[in-house]
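First, one chain by itself: the form predicted on its own, in structure tokens.
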Amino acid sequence: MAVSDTGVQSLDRATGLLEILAEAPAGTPLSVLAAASGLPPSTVHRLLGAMVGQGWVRRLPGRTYALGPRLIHLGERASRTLGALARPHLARLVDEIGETANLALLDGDRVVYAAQVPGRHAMRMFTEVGRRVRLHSTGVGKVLLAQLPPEDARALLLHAGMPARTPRTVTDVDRLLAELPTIRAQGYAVDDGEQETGVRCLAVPVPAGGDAALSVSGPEGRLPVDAVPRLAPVLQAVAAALAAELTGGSPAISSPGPRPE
């Protein structure tokens, strides 16, 4: 059955309200949601009422609102589905490079690790699935920031803060923003011991929406800086194969090229 233009508009507005609630503190008044969405309060009230009835939104005391429990189930199912799609691609990265491979997603002003395949070395880098980290100190975070308009990237960084994780962490917003055009042009970002001392991470965007990235991470001695230009095309080829599967293209993983030394 075809969906009417009115139905599509209501869906767009409802999902927009969910996005606002995801960024707002629990217990947000209707008036704040109306101001943030640009919708009339009566429209916001109607949409919130429908979503409360479905469990997407909770109504709290004082006529305030928060995300509902039904979204937890949907998020878990989506994460499992995405992880199942990503793992064969991550395994290919481990076969090609040998280091731990991750899929990370933009989640508000953080990135969350959604899937992982451990490296084949005895000493491996583990970032547990489900962990949320800041954008400014990680390869996946920086490569996802580079896909955003500069004003949006700045807003996320200022909202989250840029604390130093190691002596190498970039904590100045203007300095990091100045690096983003180069990251976007070259198609990869490097975390050079900025999140964890002695650990290097190479990340590339997944070209399917701008909110996902692939990475490999390992000790600096096994991922030297001069290997990055050789390894980046490997990650980019696998990211393109994952994107094709996510968007309904061919699920086959093409060979990313010769195995790096």
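Here the rigid core means the biggest group of C-alpha atoms that line up within 1.5 Å when the two forms are laid on top of each other. Source: prediction; values computed, not measured. All residue numbers refer to positions in the sequence shown, first residue = 1.
Absent from the display: the form predicted together with the DNA. The rest refers to it.
Colleague: Which one, A212, L223, V234, L47, lies within 4.5 Å of the DNA in the predicted complex by heavy atoms?
Modeller: Residue within 4.5 Å of the partner: L47.
Colleague: Exactly one of P229, G53, P40, P69 has a non-hydrogen atom within 4.5 Å of the DNA in the predicted complex; which residue is it?
Modeller: Comparing distances to the DNA in the predicted complex, the residue within 4.5 Å is P40.
Colleague: Does any part of G198 reach within 4.5 Å of the DNA in the predicted complex? Heavy atoms only, please.
Modeller: Close contact is absent here: in the predicted complex, G198 is far from the DNA, nothing within 4.5 Å, heavy atoms only.
Colleague: Any chance R58 has a heavy atom within 4.5 Å of the DNA in the predicted complex?
Modeller: Output for R58 is no: heavy atoms all beyond 4.5 Å of the DNA.
Colleague: Though only this chain appears here, would P29 touch the DNA in the predicted complex if you measure heavy atom gaps against 4.5 Å?
Modeller: Within the cut-off, so yes.
Colleague: T15: heavy atom within 4.5 Å of the DNA in the predicted complex?
Modeller: It does not: once the DNA is placed as it appears in the predicted complex, T15 has no heavy atom within 4.5 Å of it.
Colleague: Core superposed first: is there a CA shift of 2 Å or greater at L17 between this form and the one not shown?
Modeller: Comparing the forms between this form and the one not shown, which are aligned on their rigid core, L17 does shift its C-alpha by 2 Å or more.
Colleague: Would V32 count as moving between this form and the one not shown, using a Cα shift of 2 angstroms or more after superposing the core as the test?
Modeller: Result for V32: yes, a 2 Å-plus shift.
Colleague: Once you overlay the rigid core, does the Cα of P219 travel 2 Å or further between this form and the one not shown?
Modeller: No, P219 moves less than 2 Å.
Colleague: Just say closer or farther for the C-alpha distance from A160 to T15 in the predicted complex, relative to the shown form; it changes by 3 Å or more.
Modeller: Distance between the C-alphas of A160 and T15: shorter in the predicted complex, by 3 Å or more.
Colleague: Considering a change of 3 Å or more, are the Cα atoms of P29 and D152 closer or farther in the predicted complex than here?
Modeller: Farther apart, which means the C-alphas of P29 and D152 are at least 3 Å more distant in the predicted complex.
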